[in-house]
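The chain that follows stands alone, in the form predicted alone, written as structure tokens.
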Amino acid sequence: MVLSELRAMAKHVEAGMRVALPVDYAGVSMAMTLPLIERGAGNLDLVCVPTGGLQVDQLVGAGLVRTVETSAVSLGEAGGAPRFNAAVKEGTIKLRDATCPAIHAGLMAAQKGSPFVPMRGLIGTDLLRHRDDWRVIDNPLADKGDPIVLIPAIKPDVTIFHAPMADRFGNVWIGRRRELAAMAYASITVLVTVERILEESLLNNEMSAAGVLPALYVTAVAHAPKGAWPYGLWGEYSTDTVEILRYAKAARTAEGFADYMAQMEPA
């Protein structure tokens, strides 16, 4: 891994930006976490697609986050996300509570250039009392009252994720992780770390082409082997649950979090 490449990519992230991050099983670029913290661009509005975990917790713990839009944030088998939970309790971040379908719907609206998409599943939930940006209207195509929720487009300034491979032309193989494509299509800037970079175009191979995110949607790619660690990456390596448990224990306090992150800093 060339740290200078990751630091160069982190420069795309500026204070106040809206940043989309994937769910833990879809390819989290943990390799970008320390460069982002080192970059220090704060007041970030994170969008978890559709849930968040270790990376979100570390960015919150580093004081870089203003809001988190998500349907959940946790460390899976390691329990709750300690710095996120503390920040919500202390009121140092704003939680924009959502559902998985609502987040995907917002990204879909952005992909299509629409200001919103309608959804029914939220009718009758308490979420509508806490999201003043979600609007309930009567279906204009119905003869009688037929309420429907309008979900505004989610258009991230930056999307960041990790994938198994890219080619030298900037095409990235994401396999069947279509949420990564949805994030990329909706975003202005897309930053990707990968396990390896191939010389031959991924689009030339019939076996891989269908699972490729074309370079048209990718801003920058960096080579970062084991870049999802301690999360796993499909088809590559498993999650290091012991390490996530170690983090969860350390990060119960601000001091423990700081000590853990200091140990992770490159020499």
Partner chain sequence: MVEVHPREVLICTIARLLDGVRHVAVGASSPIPAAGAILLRALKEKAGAIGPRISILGSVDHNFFTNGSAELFDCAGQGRIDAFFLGGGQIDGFGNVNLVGAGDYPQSSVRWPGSFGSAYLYFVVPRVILFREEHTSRVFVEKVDFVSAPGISEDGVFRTGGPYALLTGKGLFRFDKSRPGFELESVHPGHDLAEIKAATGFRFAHGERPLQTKLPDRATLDLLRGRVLDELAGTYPEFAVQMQRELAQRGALVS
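Keep in mind that this is a model prediction, so the values were computed, not measured. Positions refer to the first chain, counted from 1.
The next section is about a form of this same protein that is not shown, the form predicted together with the partner chain.
This chain is displayed alone, yet in the model of the complex one of K155, R135, R178, R196 has a heavy atom within 4.5 Å of the partner chain; that residue is R178. Not one of G42, T67 and P115 places a heavy atom within 4.5 Å of the partner chain in the model of the complex. Among heavy atoms of F161, none comes within 4.5 Å of the partner chain in the model of the complex. Among heavy atoms of A78, none comes within 4.5 Å of the partner chain in the model of the complex. None of the heavy atoms of T189 is located within 4.5 Å of the partner chain in the model of the complex. In the model of the complex, the partner chain sits within 4.5 Å of a heavy atom of S74. Of the residues in 122 to 143, those that come within 4.5 Å of the partner chain in the model of the complex through at least one heavy atom are, in sequence order, L122, I123, G124, T125, D126, L127, H130.
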